[in-house]
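Only one chain is included here, represented as structure tokens and corresponding to the form predicted on its own.
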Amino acid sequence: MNNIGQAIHLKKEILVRIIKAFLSDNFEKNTRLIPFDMRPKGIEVPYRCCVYKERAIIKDRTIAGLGFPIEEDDETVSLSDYAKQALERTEINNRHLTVLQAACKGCATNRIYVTDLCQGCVARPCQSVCKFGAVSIQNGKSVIDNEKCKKCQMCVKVCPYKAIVKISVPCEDSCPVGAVKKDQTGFANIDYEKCINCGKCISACPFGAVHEKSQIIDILKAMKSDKKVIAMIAPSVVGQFPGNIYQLKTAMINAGFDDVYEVAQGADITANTEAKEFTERMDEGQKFMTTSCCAGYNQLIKKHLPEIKPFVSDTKTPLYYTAEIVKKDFPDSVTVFISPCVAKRAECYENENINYVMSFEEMGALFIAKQIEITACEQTNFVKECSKQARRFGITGGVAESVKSSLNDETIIKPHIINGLNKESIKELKTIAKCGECSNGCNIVEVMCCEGGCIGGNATINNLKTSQKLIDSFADSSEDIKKIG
């Protein structure tokens, strides 16, 4: 969950103002005024040193909200110019994140540090435990050579006075693949060749300096066109907003969508197809298979873990199958996936059947801007109802449960769950790939990039426990998945 407090509210307020500006009779002018309307002269500055710094950061956040990278801003281009460019834009690129240097605090270097609490004890466990010769004693105190230090933290663990600490850079520490580093200027920089778009850096940064580049203007433009705009909502959307999913569908139609499809419809196809594939692979003698529906995991495989590719299911994601259905029903439509995370932007960019992505946060901003109360809406049913298992796809364990429930003999499947990608779980996946089997005898490995599943995505709104409870309640009212064979 994107849980960085006030940064969420600031981001949402800017999105609401961008949408209202678009809906007004002068988009360019009203966009230019956003920083001044939010921080008028004479106001008490809530976060930064002065009103001018506040306005500069709000301008950067607005640029990201309009869908542009901050790294390419030369500061001379006005927000009205960016608004005009957003209206003229016909394509989006595959870099979905941007760093607001004006908001980035320029955190201290990520390192192991000896504090003044060091007593220069005779035992000197910190020195004896270090395998790299990084700890020495100078003037009776421990000193760490950061050129030699490997940040193993063994000295941190053995110090009896807790005098040695790790100085952390939250965005850097949160990245499971080392794609976020401080550059020569001292600010965070994203290596897009390594980045798997997991969004963990967005959630981790306490200054809200890492942003998704929004596609909200592109979607609003499509709504104003003569084309039908069809939304596809992720299973994890249940519990994110007030009211039930049928009221949510009505609210989304009131907001400008022509129709709304549950991606759980595609999840039923994914589960059945993956169950068939699992059976075939086991019959062929393969020891295990991993799931393939998590976009962050698929990016990890492509960029960092090619050795596990032979064990990954060839079955497409629920979104892939849902987009196929939508394009069959509405061939000339504009399709928009309503997403819990930034990783799905990467998947959608590679799928010609999906035009745009709107995050849960952005959809919430759209409801506020258009003054739509979900709980006041009537219920609108979906053309096709989905299974209880498909509607649990967004919860850790839900994919494996769906595949298992699709089989006539559920006892043949023994799942192993990777609940969130981090350095340790990636190491575990590498070991599994090298061995060609799971050490615990499991034969299907479900991998979820976010802890808790999609309900833990960086663009989600509600907390994990509440979200899971509401999804379980909704799913339990649905029919069981149809078994294969």
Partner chain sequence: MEKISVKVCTGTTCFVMGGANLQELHDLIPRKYGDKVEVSGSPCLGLCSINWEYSKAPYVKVNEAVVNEATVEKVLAEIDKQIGNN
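The shown structure was predicted, so the numbers you read here are calculated from the model rather than taken from an experiment. Positions refer to the first chain, counted from 1.
Quick note: we don't show the form predicted together with its partner chain, though the next part is all about it.
Trainee: Does its partner chain, in the predicted complex, lie within 4.5 angstroms of each residue among Ser313, Lys316 and His416, using heavy atoms as the measure?
Mentor: Spot residues vs its partner chain: no contact at all.
Trainee: Report yes if any heavy atom of Pro206 sits within 4.5 Å of a heavy atom of its partner chain in the predicted complex; otherwise report no.
Mentor: No - in the predicted complex, heavy atoms of Pro206 and its partner chain never come within 4.5 Å of each other.
Trainee: Within 4.5 Å, heavy atoms only: does Ile245 come near its partner chain in the predicted complex?
Mentor: No, Ile245 stays farther than 4.5 Å from its partner chain in the predicted complex.
Trainee: Does its partner chain get within 4.5 angstroms of any non-hydrogen atom of Gln371 in the predicted complex?
Mentor: The answer is yes: Gln371 has a heavy atom within 4.5 Å of its partner chain.
Trainee: Do Gln240 and its partner chain come within 4.5 Å of each other in the predicted complex, heavy atoms counted?
Mentor: Output for Gln240 is yes: heavy atoms within 4.5 Å of its partner chain.
Trainee: For 460-481: residues with a non-hydrogen atom within 4.5 angstroms of its partner chain in the predicted complex?
Mentor: Read in sequence order, the residues that approach its partner chain (within 4.5 Å, in the predicted complex) are Ile461, Asn462, Asn463, Thr466.
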